[in-house]
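This document opens with one chain alone, in C-alpha cells, the form predicted alone.
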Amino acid sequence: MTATTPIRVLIGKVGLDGHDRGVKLVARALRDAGMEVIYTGLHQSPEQVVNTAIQEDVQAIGLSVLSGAHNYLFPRVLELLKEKGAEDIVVFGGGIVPDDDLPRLKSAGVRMLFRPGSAMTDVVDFLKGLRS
C-alpha cells in the first residue's frame, strides 16, 4: 500500500444486531476521508465478513457489535483470518463493549475499539496511522 493508494476497509455488522445508524456514520466518515469502504450490511456471519474482506483485498475490517456478542464475534473473525492466512488484515471495532472485556479482546488481536461517543476523527486517524 503506497501513500497514494486509498486505504480499503470493510465495515461489517456481524451477528443478529440490527442497529446500523452508527456504523453507517462511520462508513461515511471513512469514505469522506478518502478511503474505499465496503459495507457488508446487517446480519453478517464472521465467515461472510472474512471471505468478503479477502476478496476485496482490504487492509482493515471494522466490526460493529451492539448485541453483547463481542467476546465471540471478534475472536472468531480473527481466528478465521488466521486460518485463511490473512492475519495481516487489521481488525478494529466499535459498539457496546464493557471495560472488563477490553483487555481480553485486545489480547485476542483486536487492534482498537471505539465505543459510543468516540469522535469520527479518531477512527479516521487510527486507520490513517496504519500506513506508518
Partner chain sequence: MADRKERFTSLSGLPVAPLYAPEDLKEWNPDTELGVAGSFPYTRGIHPGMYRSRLWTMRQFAGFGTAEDTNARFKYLLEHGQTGVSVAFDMPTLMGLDADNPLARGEVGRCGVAVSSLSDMERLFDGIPLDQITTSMTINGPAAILFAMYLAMAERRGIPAERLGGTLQNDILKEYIAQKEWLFPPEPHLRVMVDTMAYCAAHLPKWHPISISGYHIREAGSNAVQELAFTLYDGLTYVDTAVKMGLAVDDFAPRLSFFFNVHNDFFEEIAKFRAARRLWAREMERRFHPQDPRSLQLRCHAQTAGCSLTAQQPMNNVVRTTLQALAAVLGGTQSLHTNSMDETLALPTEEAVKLALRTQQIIAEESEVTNTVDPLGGSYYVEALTNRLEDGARAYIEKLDRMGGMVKAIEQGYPQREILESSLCYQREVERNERGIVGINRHVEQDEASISILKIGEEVEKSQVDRLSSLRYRRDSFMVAGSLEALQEAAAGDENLMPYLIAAVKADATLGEITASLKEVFGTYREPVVL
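Positions refer to the first chain, counted from 1. The structure displayed is predicted, hence computed values, not measured ones.
This protein has a second form, the form predicted together with its partner chain, left out of what is shown; the following refers to that one.
Chemist: Using a 4.5 Å heavy atom cut-off, are Gly34, Lys82 and Arg111 all in contact with its partner chain in the predicted complex?
Modeler: Zero of three within 4.5 Å in the predicted complex.
Chemist: Do Ala69 and its partner chain come within 4.5 Å of each other in the predicted complex, heavy atoms counted?
Modeler: Close contact exists here: in the predicted complex, Ala69 approaches its partner chain to within 4.5 Å, heavy atoms only.
Chemist: Indicate whether its partner chain has at least one heavy atom within 4.5 Å of a heavy atom of Lys106 in the predicted complex.
Modeler: So Lys106 does not count as contacting its partner chain.
Chemist: Report whether the minimum heavy atom distance between Gln59 and its partner chain in the predicted complex is within 4.5 Å.
Modeler: It does not: once its partner chain is placed as it appears in the predicted complex, Gln59 has no heavy atom within 4.5 Å of it.
Chemist: So, in the predicted complex, is Val91 in contact with its partner chain at a 4.5 angstroms heavy atom limit?
Modeler: Contact check for Val91: no, nothing within 4.5 Å of its partner chain in the predicted complex.
Chemist: Can you name the residues of 4-31 that have a non-hydrogen atom within 4.5 angstroms of its partner chain in the predicted complex?
Modeler: Residues within 4.5 Å: Gly15, Leu16, Asp17, Gly18, Asp20, Arg21, Lys24, Leu25, Ala27, Arg28, Arg31.
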